[in-house]
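Only one chain is included here, represented as structure tokens and corresponding to the form predicted on its own.
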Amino acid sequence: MARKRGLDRADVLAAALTIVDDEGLDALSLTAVAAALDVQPPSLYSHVDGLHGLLDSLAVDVTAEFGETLRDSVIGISGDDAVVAFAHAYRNWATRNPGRYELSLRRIDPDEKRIAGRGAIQTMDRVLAAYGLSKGEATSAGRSLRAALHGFATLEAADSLGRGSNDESFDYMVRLFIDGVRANASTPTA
């Protein structure tokens, strides 16, 4: 264990994310991170506040990363196409990054969560703006979309959707959402 020199917080977080990506969130421990970095576990405490602090830091980082992915998915498009792109980006990120997705759902300090989640919220707000929703409708629509996407991704990850094509069911769900938003918006859209 000779690698103490030059270790910084970014190294610790990167090693932890590698463990989460390769082995799952349940495999993450300070001992595992220390082993990956070839240091003793106590040396991590100068960079993170224990396992809880490490998990919180990772949650902030992956929540921001998720928001950037969602933002990038809708660049240059709007309306129904943006909802579809946003939904597919959500599903793909959650499916390809199950440990990171689980971290993005972690309860952390509300101010940190708000800042980290800003990219996702602002993107969803822009996507839904095309439908002329009132502020209350936009909030409810955003929550509904997130709940539907989370539920689908969670059931898909658990292989619990049952018979039929997951892709067809997903596209149908997104279409139902779009049709419902259009039908219930206080300001009709074209």
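Being a predicted model, the structure only gives us computed values, none of them experimental. The numbering used is simple: start at 1 and walk along the sequence shown.
Quick note: we don't show the form predicted in complex with a further copy of the same chain, though the next part is all about it.
Of 148-156, 66-74, 29-37, 53-61, which is the one stretch near a further copy of the same chain in the model of the complex, taking non-hydrogen atoms within 4.5 angstroms as near? Of the options, only 148-156 has residues within 4.5 Å of the partner.
Check whether Arg107 has any heavy atom within 4.5 Å of a heavy atom of a further copy of the same chain in the model of the complex, and answer yes or no. It does: once a further copy of the same chain is placed as it appears in the model of the complex, Arg107 has a heavy atom within 4.5 Å of it.
With the partner left out here, check for me: in the model of the complex, does some heavy atom of Ser43 sit within 4.5 Å of a further copy of the same chain? It does not: once a further copy of the same chain is placed as it appears in the model of the complex, Ser43 has no heavy atom within 4.5 Å of it.
Evaluate Asp22 for contact with a further copy of the same chain in the model of the complex, applying a 4.5 angstroms cut-off between non-hydrogen atoms, and reply yes or no. The answer is no: Asp22 has no heavy atom within 4.5 Å of a further copy of the same chain.
Find out whether any non-hydrogen atom of Leu161 is located within 4.5 angstroms of a further copy of the same chain in the model of the complex, and reply yes or no. Heavy-atom contact with a further copy of the same chain at 4.5 Å: present for Leu161.
Just give me the residues of 167-181, first to last, that have a heavy atom within 4.5 Å of a further copy of the same chain in the model of the complex. The stretch 167-181, when checked against a further copy of the same chain in the model of the complex, contributes Glu168, Ser169, Tyr172, Met173, Arg175, Leu176, Phe177, Asp179, Gly180, Val181 at the 4.5 Å heavy-atom cut-off.
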